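Presented below, as structure tokens, is a lone chain in the form predicted on its own.
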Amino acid sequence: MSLMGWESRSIDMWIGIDDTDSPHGMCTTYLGALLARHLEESGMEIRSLRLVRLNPNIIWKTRGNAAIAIEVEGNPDSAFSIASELIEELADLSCETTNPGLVLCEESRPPAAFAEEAITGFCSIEGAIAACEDINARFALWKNGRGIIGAVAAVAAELSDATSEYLVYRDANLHTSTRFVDPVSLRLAEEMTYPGTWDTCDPENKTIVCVPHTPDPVLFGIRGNDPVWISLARNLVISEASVLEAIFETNQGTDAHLIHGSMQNLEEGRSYCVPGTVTSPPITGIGGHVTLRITDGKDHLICMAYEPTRGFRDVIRALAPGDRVYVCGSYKKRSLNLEKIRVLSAPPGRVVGAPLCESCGKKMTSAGRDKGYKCRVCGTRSREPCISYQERRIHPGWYEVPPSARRHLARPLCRGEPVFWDPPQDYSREDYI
């Protein structure tokens, strides 16, 4: 496109876009990476390319609920025009649920609190527009414009715990055909770079995680701590030819969606960390879903480990009444869908049984209710039972769902102890570790 006629002024600015994809094709990250390329080709300088994941529980999201922010130096009029035209060209506007939003901030960015609420809770279209108007940002909405929420949140976000993702794209016209990414090379890439990278594969369940199965331009993506690690892993992957590649700074793998909560004030659609005590043995229901009930002494909370979490369900099944836990997950339909759990205490199980006869060494049997025990061989009686302690299959520590069941925002334990970890006031590391 011709840029003749635009003013030559060049300034620092942020561009945010969201909701350009649909379940049938396209991908907001692809449009963002392509926009960054077009801006560079027009003579602008890309300072930062960000992928910001928002609240994973939003009902109208597509796939991972990702919004894109680009920090760029150049002409704002030109940049806004290029972005608008690209959205018009590539966004799946024929889809009822695709409602793009675009924002360009020249002098200042929206408050970080807006992004925090978009990541942990809910924001409105009206609130996003107001945030734009407050800082004189230019913006555009397509259809109902819901994407303006993610666009504003993406440019407002402060990534205090940033990670990286290397995204590789195929020809968008091939989005419905089978991808070719060599699984052996993916396993080698993870083996050579873990824990600098993670969730490329799920070794325990023998599954490839980083290759999507949805009809969009993404060929595969490598997540990791920084650009160096993900680049090393990407160079080990054998695949069909790519048409575009980009490295994003992101809030993935940071637990940014989790907030501290108590059983009295959990809100539908938010994600929480909640302490409690197991009240009853976990129950495995139809479909293999496991139900765990915990209490804080006043209220009760139902926690769910669903079938896709695979071996994580065995961790939940190993819990017993009286165990103290710290559960993390999304609160939906009045239950917490578990993403990770910290076992604070899991004492050995107390087993009460019949004692051995002191006279003949044989095991006694019950002499009747409240009558103690009797040896059927020699007739010796005893009122004291034999107390023993059964070793548990579970021990204090963190446990998480496998990579194939992990949400984009969930922080893998290979990155270290979760940064949100705030022990209950009566928690003593010496008592439970």
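Sequential numbering from 1, following the sequence displayed. What you see is a predicted model; the values in this text were computed from it and never measured.
The form predicted together with ligand ATP is left out here; the points below concern that form.
Shown alone here, Arg146 lies within 4.5 Å of ligand ATP in the predicted bound form, counting heavy atoms only. Ser382 falls outside the set of residues with a heavy atom inside 4.5 Å of ligand ATP in the predicted bound form. The closest heavy atom approach of Arg63 to ligand ATP in the predicted bound form falls within 4.5 Å.
Residue contact with ligand ATP in the predicted bound form: Ala69 places no heavy atom within 4.5 Å of it. Contact with ligand ATP, judged by heavy atoms within 4.5 Å in the predicted bound form, is confined among 221 to 229, 111 to 119, 189 to 197, 270 to 278 to 111 to 119.
A heavy atom within 4.5 Å of ligand ATP in the predicted bound form is found for exactly one of Val290, Ala172, Val315, Cys123: Cys123. Scanning Met44, Ala405, Ala36, Ile58 against ligand ATP in the predicted bound form with a 4.5 Å heavy atom cut-off leaves one residue, Ile58. Of the residues in 17 to 40, those that come within 4.5 Å of ligand ATP in the predicted bound form through at least one heavy atom are, in sequence order, Asp18, Asp19, Asp21, Cys27, Thr28.
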